[in-house]
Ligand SMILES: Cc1cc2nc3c(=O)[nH]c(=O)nc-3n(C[C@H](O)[C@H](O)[C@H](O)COP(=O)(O)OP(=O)(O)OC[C@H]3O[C@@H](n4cnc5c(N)ncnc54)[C@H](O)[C@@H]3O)c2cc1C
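Shown next as structure tokens: one chain only, the form predicted alone.
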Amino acid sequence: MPDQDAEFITRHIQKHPVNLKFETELAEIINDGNGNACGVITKSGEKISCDFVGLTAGVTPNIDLVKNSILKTAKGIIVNQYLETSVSDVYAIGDCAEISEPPAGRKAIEQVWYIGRMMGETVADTICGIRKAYNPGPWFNSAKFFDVEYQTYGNVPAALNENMDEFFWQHPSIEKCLHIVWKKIHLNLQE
């Protein structure tokens, strides 16, 4: 997340009863003796009491079921642009699918729920006789932080590349902001 966006979201979260710990890693979850979490210990040794622990460590494709099968795999189950695997009439979609040649501006594995939905619709068309390549369009993601909706359209890096520029605006009194990032194009006006 770009710095301006991260600062905006952090300020919003801190207005709620949430104690954010930055650059802190979990070392241990403390059990209350009845199988319930009652605290955590960080790698720096800090003990933090809590009622529950929620972990958001990211998503990794779970392909254990097919790892030793005839399906071609890498991090995920390898699929082509039609979401077809290396086995005829077998498809893979969602978090487990790894596209061998992803569409421009997209990643080989994209682990968000609506990607699985779009892939499912693509495979359904193919199965129903309308062979269709997966074409998700520009990247889109949405998250909610309490009552702030955060949306990203297109590939927005955390730090701008030298061929990019940006516009950031934040409303002075309402928790709203707009951040637009674009690639610079150089026009040759002498032609």
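As the structure is a computational prediction, the values presented were derived from the model and not from experiment. All residue numbers refer to positions in the sequence shown, first residue = 1. Here the rigid core means the biggest group of C-alpha atoms that line up within 1.5 Å when the two forms are laid on top of each other.
The following text describes the form predicted together with the ligand, which does not appear among the structures shown.
This chain lacks the partner; the member of 142, 155, 42, 31 within 4.5 angstroms of the ligand in the predicted complex by a non-hydrogen atom is 142. A heavy atom within 4.5 Å of the ligand in the predicted complex is found for exactly one of 87, 74, 108, 112: 112. Stretch-level contact analysis of 46-54, 142-150, 124-132, 22-30 against the ligand in the predicted complex, using heavy atoms and a 4.5 Å limit, identifies 142-150. In the predicted complex, at least one heavy atom of residue 93 sits within 4.5 Å of a heavy atom of the ligand. Contact annotation for residue 160: none of its heavy atoms lies within 4.5 Å of the ligand in the predicted complex.
Although the partner is absent here, residue 65 is a contact residue: one of its heavy atoms lies within 4.5 angstroms of the ligand in the predicted complex.
Annotation: Cα of residue 151 displaced by less than 2 Å between the shown form and the other one, core superposition. Positional change of residue 132 between the shown form and the other one stays under 2 Å at the C-alpha, relative to the superposed core.
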